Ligand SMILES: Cc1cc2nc3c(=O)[nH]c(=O)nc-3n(C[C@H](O)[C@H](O)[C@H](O)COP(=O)(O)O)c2cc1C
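Below sits a lone chain in structure tokens, taken as the form predicted alone.
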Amino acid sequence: MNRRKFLALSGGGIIVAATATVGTIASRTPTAALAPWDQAGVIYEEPRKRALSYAILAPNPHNRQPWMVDLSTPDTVILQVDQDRMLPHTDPFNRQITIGLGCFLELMVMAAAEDGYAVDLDLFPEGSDLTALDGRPVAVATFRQDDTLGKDRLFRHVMSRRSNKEPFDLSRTVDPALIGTIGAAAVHGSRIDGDTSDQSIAELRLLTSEALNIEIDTPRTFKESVDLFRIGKAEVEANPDGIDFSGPMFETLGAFGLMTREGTLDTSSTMFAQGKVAVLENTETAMGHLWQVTQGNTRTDQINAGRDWVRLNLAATAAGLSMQPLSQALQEYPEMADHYTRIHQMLARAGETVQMLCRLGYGIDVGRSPRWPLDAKLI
């Protein structure tokens, strides 16, 4: 969070003196919650665990990290979903959660290839339900050595991949040719398109801002996000998932009571108003948009969409471009129905499903997202 936003949220109601106490508050870093990034590919020798140590860094909705894995069968990873980590209000059919699981699988496959292992995936071997994920396996992954296997060029960008949730630089345009460059990374059946023209940017800025307002102004969907706020080091370390508000500014805001879940939910509060301004600045600074569409919308289509999505994110990283998902208009709850229809009219062909939409641009460097360690995700 930058200094200007900090001043807006605090409303000038506090002067933070350069005292030892405030310095201690502001310097607190959730070291343990970030450790999985440093441990990826380092602390495990067993091939499956080495690959999984990268997979847990995958992008996923609200950083819920909904994956659980069973390693009891030799050379096999059985992926299941943690049913306690769903988003029932904003993602009622678990479509976005499934996409996150696809991101996880793709990073696992890419990491295994680095060690000379091919991975054969059997998706939903016991079937699936389009209305909700359940206790049946999402995938059974079989590892086998393959000395002829090539390494994926995108893997080198795994550790620097981010979803950039800061405003983008309005003075830097996005080369339209980058849409094709990034889109070429999708190899699992997605159709990728995008636009950096002024007209398209204006139309999608407006639509995505309206959709974000709907999510915030719908009490149950907004509360779903606020309940997942992790404000300050102690909360992040205790639950390294959800929406991370750590770092100097948030530590200080939390310590002085300037940022609380209760205040954020109070629609009459300055905290609520300024928070909305801050998040809308993201949609309003998009310098282009990219979207991902599939012909079908089965669970397998959703998994493959996730596999392609993380590849797009890695390709954008390789190109030096920032991207952030703007999923609100794609959410399938009643209050969003009109915008869901409009976004499909704009971006999809007959029968297609828009699985992901993101904004593109150039943003500041952002930190790593907290993660549960791999051992916490083993059944």
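Start at 1 with the first residue shown and count on from there. All of these numbers come straight from a predicted model, not from anything done at the bench.
Absent from the display: the form predicted together with the named molecule. The rest refers to it.
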item: Partner-facing stretch of 246-254, 183-191, 92-100, 122-130, counted where any non-hydrogen atom is within 4.5 angstroms of the named molecule in the predicted complex; value: 92-100
item: Interface membership of S163, the named molecule in the predicted complex, 4.5 Å heavy atom rule; value: yes
item: In the predicted complex, L360 touching the named molecule (heavy atom, 4.5 Å); value: no
item: Any non-hydrogen atom of P30 within 4.5 angstroms of the named molecule in the predicted complex; value: no
item: Contact label in the predicted complex: L326 to the named molecule, heavy atom within 4.5 Å; value: yes
item: Heavy atom of each of P61, M356 and S369 within 4.5 Å of the named molecule in the predicted complex; value: yes
